[in-house]
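Laid out below as structure tokens are two forms of one and the same protein chain, each shown alone and named structure 1 and structure 2.
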Structure 1
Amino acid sequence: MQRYLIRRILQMIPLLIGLSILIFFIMYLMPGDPIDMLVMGNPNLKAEDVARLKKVWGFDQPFLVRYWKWLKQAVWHRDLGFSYHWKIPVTQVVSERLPNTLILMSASLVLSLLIAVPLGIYSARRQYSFADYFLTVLAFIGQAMPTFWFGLMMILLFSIYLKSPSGGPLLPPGGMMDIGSTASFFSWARLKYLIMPAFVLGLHNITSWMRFIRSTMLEVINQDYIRTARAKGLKERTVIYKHAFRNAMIPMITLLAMSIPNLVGGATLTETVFAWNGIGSMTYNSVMNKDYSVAMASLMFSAIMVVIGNLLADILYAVVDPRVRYD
């Protein structure tokens, strides 16, 4: 196991370097740089101005020079560079948003699990019942619903149609906190902003995981050892939760491990609709604004998380499933 781990971790290095070259190159290929965009809003800029500005910001350098500079800075100096758009260090841009994303994504993850797991088990146990069909229909609706539309409908319902007793909207229509509020993340003043985005974001997970748990449960429930468990007179609860559910959870681990990158990657659409200042919208905007250093940092971060998530899934397999061994 130890040797396997070391080998996997060493393999990551060339993989990540290759990825960084690829991402950097794709962004380099995008036509135009921020100075070209600047000209669109200011027809009075002259040729000399454009040349001077490109030089100041280093946009006149060739691809390899720019990449080498970035790599050297990032690896040797652990400095992710300076954001052209925000005019602050990239680490600051990211660190301002990372906690927001972690909170939103983990809230939505927990919410999804809390709803999806019981409903999935229920659906499997009453296969082909009315409730099963009903949940199946709901699952497909949930998966087909576009996030931004669902988000807007939620805002319409909870912020415009429904009022709180004090006269304001029942739930705030976007944002992350009351202005000037110093309340902690776990107070109502902050939580009320979290409810809608966490649910909207979770809906997709809820519905897909519910279906997933239903099918793995169905598979397990029909195994011989479940019949044996029932035959030896165990309580149904014990059969379901101790014997069936535990085994059904094994494939779920892959799903969960694969959702780790999402935890830090954010969700662009939901963040935009609910004005939630997270990593997802930051990544999108940095690509649109040609804010190369921020885009590089966040895309690389996601790449690293995908790689780590994969490794974690493989390790967890070995932990929970005694049949899996690495050497």
Structure 2
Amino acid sequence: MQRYLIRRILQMIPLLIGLSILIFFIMYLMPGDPIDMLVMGNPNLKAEDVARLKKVWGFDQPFLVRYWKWLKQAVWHRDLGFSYHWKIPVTQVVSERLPNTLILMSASLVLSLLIAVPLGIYSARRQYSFADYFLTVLAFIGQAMPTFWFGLMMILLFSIYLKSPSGGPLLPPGGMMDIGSTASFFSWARLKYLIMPAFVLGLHNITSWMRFIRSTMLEVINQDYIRTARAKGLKERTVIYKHAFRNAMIPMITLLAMSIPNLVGGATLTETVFAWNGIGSMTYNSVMNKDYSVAMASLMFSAIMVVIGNLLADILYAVVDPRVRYD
């Protein structure tokens, strides 16, 4: 396993370099730059002043020169650059927002598993029943529902139409905490801000995982070893969760590991709708404001999450299935 991990990590290096070139090239093709945004805010700047600023910041240089400077600065000096929009170093912007995104992703992942796994097993055990058809229809609706629209509908329902006993909104429409609040994260004053964003972010995972678990469980529960377990007199709960569910989870591992980068991508819309101060909203704002350094950092973070998700899936295969070895 150790040699396999070393080999995979070494393979990640050229892959990440290639992804960084692609992302940087896409950003390079975007019209405008931070200096143009500065001109829009200050029309009194002369053309020669604009040209001088672009030369100072290196925006007049060709693609390969600009990419090499960024790569050398990021790798050798561990400096991701300066944010033109927030007026602080990129590392500071990312370090302030990354924990918030990780909290939202973790909550969404746990919530998705807590909902999708029981519903998938329940649907498989009652195949072709009314409950099975009802859950299938809900899954199709959830998969087809746009994230931003569902988020707005959640705000409309729980923040405008439904009221708390005190007369305020049942759940806050956005933000991360009350203004001036010093409550701990696990208090209701903080958790109430996490409920809607976590559920909206995990909606597609819930619906797709539920259908996937149903299909894999249907394949497993008809196997001979499951009938043998029942013939031995084992409790149905033991048969389902100890024997059937563990084997049904093996093909689920890839889907679970690859959902991690999808959560990062989905967080862009979710965090923007709910004003959640994380990496997703940072990506949106940096792209809209031509803040290339921040956009590169956030997009490379998503790329790294994809690569780590693949590696994590391979490792979890060996953990769940003892027949898998990487020696």
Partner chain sequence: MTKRLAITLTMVLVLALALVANGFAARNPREIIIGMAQEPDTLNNMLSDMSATSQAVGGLTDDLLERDGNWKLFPQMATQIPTIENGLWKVLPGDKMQVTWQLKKGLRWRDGREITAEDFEFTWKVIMNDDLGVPSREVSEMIEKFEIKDKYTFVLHFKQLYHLANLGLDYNPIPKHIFEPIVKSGAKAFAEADFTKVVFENGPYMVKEWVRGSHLVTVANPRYNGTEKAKVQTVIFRFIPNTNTLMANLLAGAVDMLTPVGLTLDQGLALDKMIRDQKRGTDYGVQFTTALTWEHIDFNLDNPWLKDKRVRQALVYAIDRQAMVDALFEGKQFVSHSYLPPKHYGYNPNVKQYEYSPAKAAELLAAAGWKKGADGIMENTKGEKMILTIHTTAGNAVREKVEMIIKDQWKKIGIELKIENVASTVLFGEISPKRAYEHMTMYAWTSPPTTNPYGLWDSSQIPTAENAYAGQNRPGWRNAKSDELSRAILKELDEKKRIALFHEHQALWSEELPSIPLYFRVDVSATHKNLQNVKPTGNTTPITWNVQNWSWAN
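In this text the structure is predicted, and so the values were computed from the model without any measurement. Here the rigid core means the biggest group of C-alpha atoms that line up within 1.5 Å when the two forms are laid on top of each other. Structure 1 provides the reference sequence; residues are numbered from 1 along it.
Novice: Identify which of the two structures, 1 or 2, is the form predicted in complex with the partner chain.
Specialist: Number 1 is right.
Novice: On a rigid core superposition, would residue 275 pass a 2 Å threshold for CA movement between structures 1 and 2?
Specialist: Result for residue 275: no, shift under 2 Å.
Novice: What's the distance in angstrom the Cα of residue 266 travels between structures 1 and 2, core superposed?
Specialist: Comparing between structures 1 and 2 after core fitting, residue 266 shifts 5.6 Å at its C-alpha.
Novice: Taking the rigid core as the frame, how far in Å does the Cα of residue 56 move between structures 1 and 2?
Specialist: A shift of 3.5 Å at the C-alpha.
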